[in-house]
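Take a look at this one chain, the form predicted on its own, written out in structure tokens.
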């Protein structure tokens, strides 16, 4: 049973007995519980900033099954800043185009990145185990360069005692239990979060009365690398909707909507699953190619979150803090943005450059993001699974209109796909003295654009940065925080359109997570210093 529990797709951090398992508890500045995409991203980001971090995971690597597969451009931009992106894009299936069908008719198609000038595509499809493996590869490289990151596999947290300013954890291993202490404890331990349960915290929201079957199918097929979604699909026993995605290694993800009142054991019978897959393939390819079922599962939509993501020195991120349906690819992608938001704030606090209340802004910003994702996910689910005849009539009328008229297509909701969250109007953002393009307002994530032989996001790094376009700015140190200057004398046309608009020059102050703090039509050191003070919560 134990061996079955620890089956992994990649053994990334094998269990090793350590000296800390003997004697008194050792104190750590940051302990992350959970070695999934969120925990590994946060550990890599903190370690590259020089902040010591320990990851505890109850497995020894990436688990079996593809789980999350759609990783958005924003996630890839974050991974690129951390040195993990290129392997992901090289291995992943790149796609920008999707198609929406109703029965046997295509309603319309869409392009999520119609404009050129971005390093990364709108999406790649990549099985979660690969995503975790490439993060671990980047962690190994960072460790070799001196980053203080440690990962302990098969170290399962079984008890938590919170003392207000620090926590004591009891950790179970194959060699028995030991204790350690954490100044800050970050829960990245998934939707069933044991840490959340240990603290007696609620996880509130909505469970949708529907079930979906995932089938990962290994086959060679000529379907294009696009997202195909059907309302009322024409193939037999498909249910109310179906989804088809290509993954690496000739794996295809197929989702079937089963309804609410089902017998899970019956529906997971391989023969029954094969009958559904056969019907889909026969309908779309005209025949049934040879294939194997790699992985199957049934899931239920849930849209919920914790009321607060920060509880003193214990902070929740990813699925432990919030959960959405998989349609829209908002789960893992929003979790990686959690890590991106938290890392620089925690780093500044631990280095004494910001007050601990800066961490409250992680909670307020990412709770806002969770609400946005839950709203979009709930609306998608309600559109896909109408609960009354009137709702279904409305839904089908929208689909019929969308087939003939472009104005109705934005009303069709097969899952609003993940985009960067903006924090316009939140506390850590300063003035907009430029009044320039809407896509680069304070609070928004920086858009990419070509620059020389690369892209502008690659120049920004993971520090506070002054981006001066068409004018000059100086490196600025204010309140102990350094803002490095990147001066662009001759911007590309795409950069000019995205950052300048009609202005001849502009200066942007950008946070370490590449969200824009403030912008001006020229450089003013006093204005920048004031904005930097605002950005670290000292306004």
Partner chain sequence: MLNLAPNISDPDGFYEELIRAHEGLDKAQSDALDARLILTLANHIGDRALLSQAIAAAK
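Numbering follows the first chain given and starts at 1. Please read all numbers here as calculations on a predicted model, not as lab measurements.
Not on display, but discussed next: the form predicted together with its partner chain.
For the options 400, 181, 161, 355, the one in contact with its partner chain in the model of the complex, meaning a heavy atom within 4.5 Å, is 400. Of the listed positions (165, 202, 144, 393), a single one reaches within 4.5 angstroms of its partner chain by any non-hydrogen atom in the model of the complex, namely 393. Contact here is defined as any heavy atom lying within 4.5 Å of its partner chain in the model of the complex, and by that definition not a single one of 220, 223 and 244 is a contact residue. For residue 260, no non-hydrogen atom is located within 4.5 Å of its partner chain in the model of the complex, even though that partner is not displayed. Heavy atoms of residue 97 never reach within 4.5 Å of its partner chain in the model of the complex, leaving it off the interface. At least one heavy atom of residue 411 is located within 4.5 Å of its partner chain in the model of the complex. Mapping the unseen interface onto this chain, residue 307 falls outside it, with no heavy atom inside 4.5 Å of its partner chain in the model of the complex. Note that among 212 to 220, 402 to 410, 332 to 340, 360 to 368, the stretch whose heavy atoms approach its partner chain to within 4.5 Å in the model of the complex is 402 to 410. Residues from 67 to 105 do not approach its partner chain in the model of the complex: none has a non-hydrogen atom within 4.5 Å of it.
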